[in-house]
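What follows is one chain in structure tokens, specifically the form predicted alone.
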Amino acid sequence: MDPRSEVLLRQAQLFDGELLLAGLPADDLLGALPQAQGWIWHAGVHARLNARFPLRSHFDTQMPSGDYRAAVLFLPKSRELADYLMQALASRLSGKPLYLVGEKRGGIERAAKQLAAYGKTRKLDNARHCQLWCVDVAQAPTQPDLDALAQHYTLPLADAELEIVTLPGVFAHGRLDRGSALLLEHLEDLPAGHLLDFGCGAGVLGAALKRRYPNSRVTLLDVDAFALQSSRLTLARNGLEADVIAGSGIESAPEGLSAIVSNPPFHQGVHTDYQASENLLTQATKHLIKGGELRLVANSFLKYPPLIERHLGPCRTRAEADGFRIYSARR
């Protein structure tokens, strides 16, 4: 059981009845709270919960409909995302309690100050390196307009400008990260066919691929609902069409790909997690056609070439700058 869930169950008398658990982990909490529903924006967590608790997990950027007597927010890493989620929940909880739970090192005390915008807060528990806070929503705020919270920036690429749209919580919100900037300079000579942007985030690479290879089918894949919506907004803003799909890893990708292009993720919450990236390197061959290429950017300290060569083929370093390297290999 996740320690945040354990803290909730220490106060189980507070959490009976119709309850919404926002951002809950993939553990047994829904089993312990049989009338609760989950609001999830992580595709992998949603898939695991939905398999065990059918129809009780909702994957979306918008709060699911329902008359909830209370809600619990599991604190996300992003402060901007926490702001949006708190307002979305509070907008439906006038006169009702909104709970906030999170790890101390994840910034729960700082987030409790954000919670104070909706009423007088109180700390209910402090255990398992986590804290549980509560506010009785004195007056419900207006429901937030997620698209209005988007940030925009322009990329002056060689073939044409791209406008990128990012939503709260998405990687590199409102800016271009250095790894993607380097990879954008090295998208030449990809094999023709079906191209995948793995871990698409705001759709920077996927949009650039579609602009550069207009006759190729392009798919963008990410685990995060807010990233997927950002990618849709980016594509629409630039008049581009591509497939946008949710998936917990490369196993969710289509087969028969001519190329996989990626700035692979390796952070989840306050913990560092390389599993999705390592799965990409070890399983890419299952999704690539013969002669298909994996091209990615990674921090130069990561020992990816041996994994790539063991599972795919000879690994070439195409470029190196600012602590990043571009690797490519063909099946």
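A residue's number is simply how far along the shown sequence it sits, counting from 1. Bear in mind that the values here come from a model prediction, so they are computed numbers and not experimental data.
Note that the form predicted in complex with a small molecule isn't included here; everything after this is about it.
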Taking heavy atoms and a 4.5 Å cut-off, does G106 contact the small molecule in the predicted complex?
-> no
Might S180 be said to contact the small molecule in the predicted complex, defining contact as any heavy atom within 4.5 Å?
-> yes
With the partner left out of view, is F198 within 4.5 angstroms of the small molecule in the predicted complex by any non-hydrogen atom?
-> yes
Tell me, yes or no, whether L221 is in contact with the small molecule in the predicted complex, where a contact means a heavy atom of each within 4.5 Å.
-> yes
Among 210-218, 248-256, 82-90, 113-121, the region lying within 4.5 Å of the small molecule in the predicted complex by heavy atom distance | 248-256
Assess the spot marked by L205, P265 and A276: is the small molecule within 4.5 Å of a heavy atom from every one of these residues in the predicted complex?
-> yes
